[in-house]
Each structure stands twice: as structure tokens, then as C-alpha cells.
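Here we start with a single chain on its own, the form predicted alone, put down as C-alpha cells.
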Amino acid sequence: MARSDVQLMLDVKAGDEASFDFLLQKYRSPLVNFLNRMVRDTATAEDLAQEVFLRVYRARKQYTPSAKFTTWLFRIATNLALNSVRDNRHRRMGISLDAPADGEDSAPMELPARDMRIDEHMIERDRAEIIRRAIWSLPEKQRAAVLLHKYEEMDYEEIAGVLDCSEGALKSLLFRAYESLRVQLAPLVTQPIGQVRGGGGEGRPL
């Protein structure tokens, strides 16, 4: 029977290095992709992901399963990303939000389906880039909430745990973020771009 993330981390706490390697391999790509969307720089995202796992390893002896492992992991990652963005805001203009990290998160580079014309594919890519830039324009904490909600598909409870706020405060944060995105993207769409998932079906379309 597969061990849960919490059990794996408890095994790490007990000295099982293999369990730590398993968690690293399992979550490295998701973390790098999330961090890359936050900071818009592949090298920085890689460095921050390494720092996240270093902090997890150093804190192994104090680990207590008071929340989901992913909540703890992404709380560390989000705090590091927010600090990085705030410290380096002036250097972050003009870099693609979804630049692939060493071949990972390569969805933006997928070839078009055979039944989609090249011009249609280019339009879709342009739309995706406009959406990414709109997300990047959000205040840092709103951006983190949207990325955790839309890309990581976390529910309200877990995102609130990551951002260390109440669910009510989180819903207010997401409402402001999605309203801002709706205004920015209104000229782009005539129908919802995508239905936001999570939060017990209370998600709002972008």
C-alpha cells in the first residue's frame, strides 16, 4: 500500500533518506513550475525550489503532521517566491510567465491538433500569453492565490493554509483577483475562458 505524503515525511523525520528523495522527485516539477509562474525566471525558480527542499530537510526533526504536507510545502515556496518578487520587482519585466523550466511544464509549446489550423493555434497561444501577463500584473498575494487555485487546483481550505489567512479572507482575495482579471480580459473574450475549479464548486470563470 502506497504511503501518504505525511507518512513519508514522518519516515524522513525518523531518518529515512529514501523517503525524502521520493518526495523531492514527486514535487520538484510542480514546485519549479509554480515558482516559475510566480517569479517569471527559470533560474530563480530552480534556486528557490532547491531552497524549499533544503528547508524541508532541515526542519524534518521538528515536523508534525498538523496540516497536509502540500500545504506546508507550498507555504514555504510561496513565502520564498513573494520575498523574491518583492526584492527583484524592477528586474522582472518582459519575461514570459510560463517560460518552460528545462523542458518541464511544456504545455505552451505543444503542437496544434491536426484539425486546428496554424493560424488558429497562433491565436490560442496569443490568448494564453495575454492571460499569463494579466495574472502577472496582479498584486503578488492575489497572483499566488490564483496560481494555487487555478494551476495547482487547491481548494479554499488548503490555499488559506498556504497563505496563512482565513477562508473568508481568501475568498475576498480571489474575488478581487478574478474581478481584476475579468476587466483586463474583457476585450479578449466573448465567453468565459475557463471555469475555475476548487472550493466546493464555488469557482468563478476567468
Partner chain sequence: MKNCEDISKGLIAYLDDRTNPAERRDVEDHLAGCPACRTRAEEFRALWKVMEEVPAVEPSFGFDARVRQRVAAEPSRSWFGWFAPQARFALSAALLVALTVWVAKLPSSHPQMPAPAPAAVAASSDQDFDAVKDLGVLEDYDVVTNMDALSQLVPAKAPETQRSDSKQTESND
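Every value quoted in this text rests on a predicted model; they were computed, and no experiment measured them. Residue numbers count along the first chain shown, from 1.
Omitted here: the form predicted together with its partner chain. The next part is about that form.
Practice problem: Tell me, yes or no, whether residue 188 is in contact with its partner chain in the predicted complex, where a contact means a heavy atom of each within 4.5 Å. | Solution: Output for residue 188 is yes: heavy atoms within 4.5 Å of its partner chain.
Quiz item: Should residue 32 be counted as a contact of its partner chain in the predicted complex, where contact means heavy atoms within 4.5 Å?
Solution: Yes - in the predicted complex, heavy atoms of residue 32 and its partner chain come within 4.5 Å of each other.
Quiz item: Hey, in the predicted complex, is residue 49 touching its partner chain, heavy atoms inside 4.5 Å?
Solution: Taking the distances in the predicted complex, the answer for residue 49 is yes, it comes within 4.5 Å of its partner chain.
Quiz item: Can you check whether residue 163 is within 4.5 Å of its partner chain in the predicted complex, heavy atom basis?
Solution: Yes, residue 163 lies within 4.5 Å of its partner chain in the predicted complex.
Exercise. Select from 3-22 the residues with a non-hydrogen atom within 4.5 Å of its partner chain in the predicted complex and write them out in sequence order.
Key: The stretch touches the partner through 4, 5, 6, 17, 20, 21.
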